[in-house]
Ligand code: ATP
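As a starting point, one isolated chain is supplied in structure tokens, in the form predicted on its own.
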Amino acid sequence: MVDPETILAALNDEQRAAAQAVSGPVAILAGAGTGKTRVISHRAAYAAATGAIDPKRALIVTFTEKAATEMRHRLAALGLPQVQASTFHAAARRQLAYHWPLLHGRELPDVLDSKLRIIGPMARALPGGYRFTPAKDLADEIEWAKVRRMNPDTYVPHGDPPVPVDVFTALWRRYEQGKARAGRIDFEDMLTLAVELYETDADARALVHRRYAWFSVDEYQDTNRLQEDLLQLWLGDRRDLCVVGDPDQTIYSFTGATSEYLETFAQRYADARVVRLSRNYRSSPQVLELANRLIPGRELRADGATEGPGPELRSHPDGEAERTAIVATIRTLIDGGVPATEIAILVRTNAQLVDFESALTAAEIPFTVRGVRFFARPEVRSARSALRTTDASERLTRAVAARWRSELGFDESDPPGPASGAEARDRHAALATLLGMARSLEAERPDVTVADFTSELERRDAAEAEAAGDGVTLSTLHRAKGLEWDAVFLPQLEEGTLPIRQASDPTALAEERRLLYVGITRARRHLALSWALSRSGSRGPARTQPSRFLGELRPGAATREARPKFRKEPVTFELSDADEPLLEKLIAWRRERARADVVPAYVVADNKTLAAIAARRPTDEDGLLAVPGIGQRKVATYGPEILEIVRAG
């Protein structure tokens, strides 16, 4: 057994106070990067070393299996391999596996690997336009209801469900019947069955009380009602419960999680000790100073992190200019010694990742996507599959749009509303992105066919797969929770994106604020926040509004810096008759250069960039750099050729 003082020697004053609180109800409010995993493991070690607990009767609950594995390694290093570290679901399944044969005479059913196996065919059989509802949104709604301990008979939606209530509850009943026929339970059933067991079986409850007497729960701000009910049944009338979390990192409310249990802990346990961890070991003082502006009142203090450059808040004329600048900065960081694996681009929704996948692929910078890469996503595969029988006689964009409308229910001009599910929004954005690719291809080659388009998608798919690997991380903000990088980019900070358009009430806006806070606090030294003054949509370029949060991070950032820049660098260009011949020459050059380099034409330059060059007629590299969409890398690669064409007129 490790000496108690040796255990405490590795901790700061705040961490030491938390580790020494080994009995009774304890709440540890652990800010981002404050070493909560170290505190949880050292608290268990100190409790064992001082005789406060029997390690074999301790249970540490983590949010993910990855976190549980790390916790077990840390406990083993501290001489405590006998302490259990597990997620709620894994612990519940292990306990059910013991009791189930005794109660039912057979083994516990296997867990369904995905609800979509059962729900997918049911969703496609729904009446009318409901058949286009993403199966994942239906599965998410079932999960949301089950963690609130609802069933089809007691279901009350928190807003508008993906389909009408009667349609949804009928599907839910069919799902439960299909699951039973398959002899499976789902993820939520593991908790539900354990709760029902301990609520109705006093012997089972007594057994779990004898097995575990000391509890610690990590990420408590993300606990849902079902997990809380199970925790209380495990605990019984005992008091040795420690909860660890950060209300400022509550970002999973859409799944049924709530920080209410953490925030009311001291009221529910009148004698609870509350310890605050505020000394951050991850981020530079400059990063923390920005984070503290976003959520004041529980400020983080830098402790041990080296000084870094000030975070960059920067506007761009349009989305392409924003991506070009980010890729150029990433290249500079890599050339300066920052490993590509220590760089991340974090966005609000999955659909935002595709343009960065393309930009990094074109720049030959390796990347990895946390989640599923764009061309491997189910909705993208379905869209490509639907084109196999498309009428080849129509113009490309019209044919593609018509096919997806009839087969997938997709209407570019009618995006999902606030009541729609996240999957429906991501699906619409992905299909709109694909249609945008078709539109660009048609602008370059008016006679392009559907077959040409599908070949182009296949080529991009292969290029994306080849570029994907160890490298720059592309992730949504939700998937980035718990991770950290040396350099973090947070693009597209605009109204409607972050905060997202559906965040229409104070509670939802508060969660969007916390989501940005999580993104900021992922960065160790380099941090860049950006937004564009215009985005291309179905009707062409449109002005955007910088995120309301930017004014709090740096007053005036979205006005003094952005608006004048927008006026000086318009997004569209009026071409005179004299400019048209030059534009035609530039387009012809781009076509030949793209063929020679075996890349899409847009990688060389898009139509808007060529129009700007034709209108401005730059005479040197500095003039070329002033054109939106042209960065240092493009100047080095294409600059001499472009300038020669411009000089020749």
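Throughout, we count residues from 1 along the sequence that is shown. What you are looking at is a predicted structure, and each value in this text was computed from that prediction instead of being measured.
Although not depicted, the form predicted together with the named molecule is the subject of the following passage.
Q: Would K608 show up as a contact with the named molecule in the predicted bound form if we use heavy atoms at 4.5 Å?
A: Contact with the named molecule, no.
Q: My question is simply whether E219 lines the interface with the named molecule in the predicted bound form - judged by any non-hydrogen atom within 4.5 Å.
A: Yes.
Q: Using a 4.5 angstroms cut-off on non-hydrogen atoms, would T637 count as touching the named molecule in the predicted bound form?
A: T637: no contact with the named molecule in the predicted bound form.
Q: Give a yes/no on whether E263 approaches the named molecule to within 4.5 Å in the predicted bound form, heavy atoms considered.
A: No, E263 is distant from the partner.
Q: By the heavy atom within 4.5 Å rule, which residue out of K136, R282, H99, K146 makes contact with the named molecule in the predicted bound form?
A: Checked against the cut-off, the match is R282.
Q: In the predicted bound form, which of the listed residues (G482, G436, P152, G496) lies with a heavy atom within 4.5 Å of the named molecule?
A: Flagged contact: G482.
Q: In the predicted bound form, do A10, Q15 and A32 all put a heavy atom within 4.5 Å of the named molecule?
A: Yes, all three are in contact.
Q: Okay, which stretch from 444-452, 482-490, 253-261, 128-136 lines the named molecule in the predicted bound form, with non-hydrogen atoms inside 4.5 Å?
A: Only one stretch qualifies here: 482-490.
Q: Sequence order please: the residues of 34-57 with a heavy atom within 4.5 Å of the named molecule in the predicted bound form.
A: Contacting residues: T34, G35, K36, T37, R38.
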